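First, one chain by itself: the form predicted on its own, in structure tokens.
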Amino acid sequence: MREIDLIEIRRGDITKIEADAIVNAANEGLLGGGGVDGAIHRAAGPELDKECRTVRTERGGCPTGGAVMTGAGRLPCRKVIHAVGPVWRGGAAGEAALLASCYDKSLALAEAAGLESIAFPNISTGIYGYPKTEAASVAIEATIGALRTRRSIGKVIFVCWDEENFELYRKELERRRQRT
């Protein structure tokens, strides 16, 4: 099976997705916040906050472009992978490489934990201001590239909260399917 065939796009609430892991668009302090980060922390309950505080104490949080894994609290998944995307600064500050790293490192953590399915939100496209079209392109490209070496991952779901992101990710995936 081709890597691109392992990817699907859905519109909905990532906290309700049934996958082995969901990815949280986290901040460096892993404190919870607004958007998807706040929604995941609220749905998971206090267990997630406690684990994030432990990671922050032991590792100092998570750097931009990085990812760390915790339990999932009350979520339907087994694990939450917290990936810290870049704040958009105009595109010349290495944002694309940092965003791609979020996807690669998240998939590496999932594979190392023996997980077979993972769901991603639209990392950095909210308050961090990453242009949505460019973010969709980076996300799909980085995921396809990572899946070439991470054969244990059998499904990647991009979960889009809003119609605009859903259409952008759907079109980007379709465009790449037509090229292969």
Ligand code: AR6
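Residues carry their position along the shown sequence, with the first being 1. Remember, predicted model here, so these are calculated numbers, not experimental data.
Omitted here: the form predicted in complex with this ligand. The next part is about that form.
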field: is_contact(residue 124, this ligand) in the model of the complex, heavy atom dist at most 4.5 Å
entry: yes
- prompt: So, in the model of the complex, is residue 60 in contact with this ligand at a 4.5 angstroms heavy atom limit?
  reply: no
message: Would you classify residue 39 as touching this ligand in the model of the complex, given a 4.5 Å non-hydrogen atom cut-off?
response: yes
- request: Answer yes if any heavy atom of residue 18 is within 4.5 Å of a heavy atom of this ligand in the model of the complex; otherwise answer no.
  value: no
query: Of the listed stretches (26 to 34, 138 to 146, 45 to 53, 62 to 70), which one has a non-hydrogen atom within 4.5 Å of this ligand in the model of the complex?
result: 26 to 34
field: Residues 111, 117 and 156 all lining this ligand in the model of the complex, heavy atom within 4.5 Å
entry: no
query: Which of the residues spanning 3 to 17 lie within 4.5 Å of this ligand in the model of the complex, based on heavy atoms?
result: 12, 13, 14
